[in-house]
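Consider the single chain below, provided in structure tokens and representing the form predicted alone.
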């Protein structure tokens, strides 16, 4: 059988490994295809595609947008977006600027708590790509303020923690519109991480086309529930490890969560139909 991991991060955002290194690990995991879904950027895809040719591993181009609806942070994955789409490019650039501004505020809060961290130290962890809280967490660990990333989030930079700064307003509906406008397929990421998912029907009406049914933080009960929901509503089913690195993210290895290649075929079919109808399918 051939398997796909739809949800993988690289050093283009907050993953530990370069796109090439991620593909090397995908080959060792005997995966047929992987989705490169870095946060707010598609910068890692070209490098992954080049490495993928070496191992005959298919790269699914993707992106993961962090959005807010009321008090809930909701992540929307977008697959097969046209990278030259102007509204998509403008959105990515705006989010990059917002990320820098947010991190500067978080570093300032960290300093006011008595911890000595500089913005340049965080940038050194980013290596010029999309900056995020895991980069600050790594600095806190390296300086001995926390034993691991989990403690850094729990004590300092997680939701409602003393150095947390809320993102600027970007709704899941806006993300869905951007993704579909770029010819991409929007999918709700890791529904098991949210509270009451009473917004799901609202997002489906807004154009959501799939659900990440299988994820390390989706319990068996959650996966079953959303599998049934997806079948009922005609939504695509995806799944992935949300891999960030061997000692990062959710503690899962690349390919720990993988699903049959047939699910990728359905995603491609929907993507082609969407592009044919100019995002209105």
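Residue numbers count along the first chain shown, from 1. Given the structure is predicted, the values throughout are model-derived calculations rather than measurements.
One more form of this protein should be noted, the form predicted in complex with ligand AMP, which is absent from this view; the next part is about it.
Ligand AMP in the model of the complex is not approached by residue 215, whose heavy atoms all lie more than 4.5 angstroms from it. When ligand AMP is considered in the model of the complex, residue 197 lies well away from it, no heavy atom lying within 4.5 Å. Contact between residue 149 and ligand AMP in the model of the complex is found at the 4.5 Å heavy atom cutoff. Although the partner is absent here, residue 153 is a contact residue: one of its heavy atoms lies within 4.5 angstroms of ligand AMP in the model of the complex. Of the candidate stretches 204 to 212, 173 to 181, 116 to 124, 95 to 103, only 95 to 103 contains residues with a heavy atom within 4.5 Å of ligand AMP in the model of the complex.
In the model of the complex, the residues of 12 to 45 lying within 4.5 Å of ligand AMP by at least one heavy atom are, in order, 14, 39.
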